[in-house]
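Next comes just one chain, in structure tokens: the form predicted alone.
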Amino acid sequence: MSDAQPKRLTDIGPPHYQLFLPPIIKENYGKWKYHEILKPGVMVHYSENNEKLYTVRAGSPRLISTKKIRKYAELADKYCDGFLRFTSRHNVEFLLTKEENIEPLIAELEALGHPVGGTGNAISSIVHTQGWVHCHSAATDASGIVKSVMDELLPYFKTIELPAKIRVALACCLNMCGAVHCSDIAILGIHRRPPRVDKESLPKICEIPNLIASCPTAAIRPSQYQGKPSVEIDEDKCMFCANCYTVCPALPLNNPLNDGVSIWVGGKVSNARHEPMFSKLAIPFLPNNPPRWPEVTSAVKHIVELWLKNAKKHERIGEWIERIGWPKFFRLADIPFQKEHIDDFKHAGLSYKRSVHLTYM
């Protein structure tokens, strides 16, 4: 890090990140040697200067109030000299320099209903999208499913008993604002019917040329309705992305009867032991049954426990499935083969193995 003091104000973008680093991190920047997990949710980082930084990780919702943020700030002021951070998976991490503050902080977090854990061979918080809270293309909810699933998987958050780490993600539609393409278990909301065309309202509130141009698969064609300009949709080409609804409210996509959830498995970003992998379809459709989504929750928990029972140490879900083979995984998980499992992508060559990653036995 440069010795020059970073500017407080820049001509563009946010303030410089160095302004918010705890003093111990500034003093040991680039000099951290390794870290250890002392217990679930608690880590210690060692520097070349023989200094220690402790981290306490607690599960937190993605959507929180200012009242909750102020409570986090109070705990940080009380135990951590005012320093905390949020992880990319919506956990809150408190950065401590005094070991004696760890247990009192954990006790207060648990009393507030925020479990401590999610480190090492455990499930971390589920990264997810907006859902019905604030998204016009969502096929399912985000916060509701995540709460329901994590309530069931909480023992695996607070312990380090799993074969390896596990990352779960949720995206509310195929636009995939979440990390469902590369997660051990992915919960993906799906639409099964194309947008409905409100032919009466369409010419009054939409620009038809822009509407047609918005479709990435050319599924929208111009037509006439009672002598007025309109559009029709080629259902075979529609991929339910809701681009059309984004530019034209007369093409709503949400459908309570046909919208639902699919489950994907086997993805990961890590290059350890096995090359990175994309998630693959496991369960094509589960219904939306709020508020607790019992079918989705049961399916995710079943896959986690199946992996826990059969995987080798350090083996991620995708690595375990690759070892035993997908047919055996489907039999063990009691998932029936359906037409949706067939990879009929027209550019299927793009999904074939192209990596130079080699494994020596």
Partner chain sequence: MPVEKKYETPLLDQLESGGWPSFVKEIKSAAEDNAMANDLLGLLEQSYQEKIGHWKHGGIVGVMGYGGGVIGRYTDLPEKYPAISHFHTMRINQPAGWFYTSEALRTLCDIWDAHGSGLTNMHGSTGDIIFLGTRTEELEPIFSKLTAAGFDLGGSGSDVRTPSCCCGKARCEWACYDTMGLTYYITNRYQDELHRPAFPYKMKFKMSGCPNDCVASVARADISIIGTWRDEIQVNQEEVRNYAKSGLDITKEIAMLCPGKCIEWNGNEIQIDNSNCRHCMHCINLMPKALAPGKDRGAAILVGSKAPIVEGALLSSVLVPFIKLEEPYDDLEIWELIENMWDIWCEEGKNRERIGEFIQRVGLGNFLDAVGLEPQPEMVAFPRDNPYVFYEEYFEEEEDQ
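Residue numbers count along the first chain shown, from 1. What you see is a predicted model; the values in this text were computed from it and never measured.
Unshown form predicted together with the partner chain; subsequent notes refer to it.
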Just checking whether Gly59 would be counted as a contact of the partner chain in the predicted complex - the rule being heavy atoms within 4.5 angstroms. yes
Answer with yes or no whether Leu306 is in contact with the partner chain in the predicted complex, where contact means some heavy atom within 4.5 Å. no
4.5 Å heavy atom contact, Gly178 and the partner chain in the predicted complex: yes
Flag Pro229 as yes or no: does it have a non-hydrogen atom within 4.5 angstroms of any non-hydrogen atom of the partner chain in the predicted complex? no
Which of these residues, Asn255, Thr97, Thr159, Ser223, gets a heavy atom within 4.5 Å of the partner chain in the predicted complex? Asn255
Quick one: of Ile233, Ala122, Met150, Ile102, which gets a non-hydrogen atom within 4.5 angstroms of the partner chain in the predicted complex? Met150
Taking the partner chain in the predicted complex and a 4.5 Å non-hydrogen atom cutoff, the residues of 253 to 275 making contact are Asn254, Asn255, Pro256, Val269, Ser270, Asn271, Ala272, Arg273
